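Single chain ahead, written as structure tokens, the form predicted alone.
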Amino acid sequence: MIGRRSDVDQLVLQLSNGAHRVVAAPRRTGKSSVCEAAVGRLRAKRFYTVSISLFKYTNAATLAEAIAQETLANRRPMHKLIEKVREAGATVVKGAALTLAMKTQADLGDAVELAIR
């Protein structure tokens, strides 16, 4: 990141201290690159990260699903199970969904509910 290291450093510091930030600038000035680099550094520091492009989702349901998937991806065993279910298809979804639901509740508590379509 030529000339943007201090921007990334500052964003990582602020986010790791719990601050919320809005990154705004004209088009094609490197906002996404700075944010992606900051998220990558936070992920390397073992922070839970969720990175979503709002331009991909057309309604609240698909956005919510993407947020849930990105959040669960922070928990490596669940991420692997989700990928296995996607690869295997509908025949194993019921058993895998039950296993995933039980594992999710054991890890995150009864307040967490996960549905796999």
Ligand SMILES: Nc1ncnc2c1ncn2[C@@H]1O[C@H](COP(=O)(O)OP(=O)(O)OP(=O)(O)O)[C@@H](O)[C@H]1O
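Because the structure is predicted, anything quoted here is derived from the model rather than measured. In case it trips you up, residue 1 is the first one in the sequence shown, and so on.
Missing here is the form predicted in complex with the ligand; even so, the following discussion is about that form.
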With the distance limit set at 4.5 angstroms and only heavy atoms considered, check whether Arg43, Arg46 and Arg75 all reach the ligand in the model of the complex. no
Is Ser53 close to the ligand in the model of the complex, meaning a heavy atom pair under 4.5 Å apart or at it? no
Examine Ser33 and determine whether its closest non-hydrogen atom to the ligand in the model of the complex is within 4.5 angstroms. yes
How about Thr29: is it within 4.5 Å of the ligand in the model of the complex, going by heavy atoms? yes
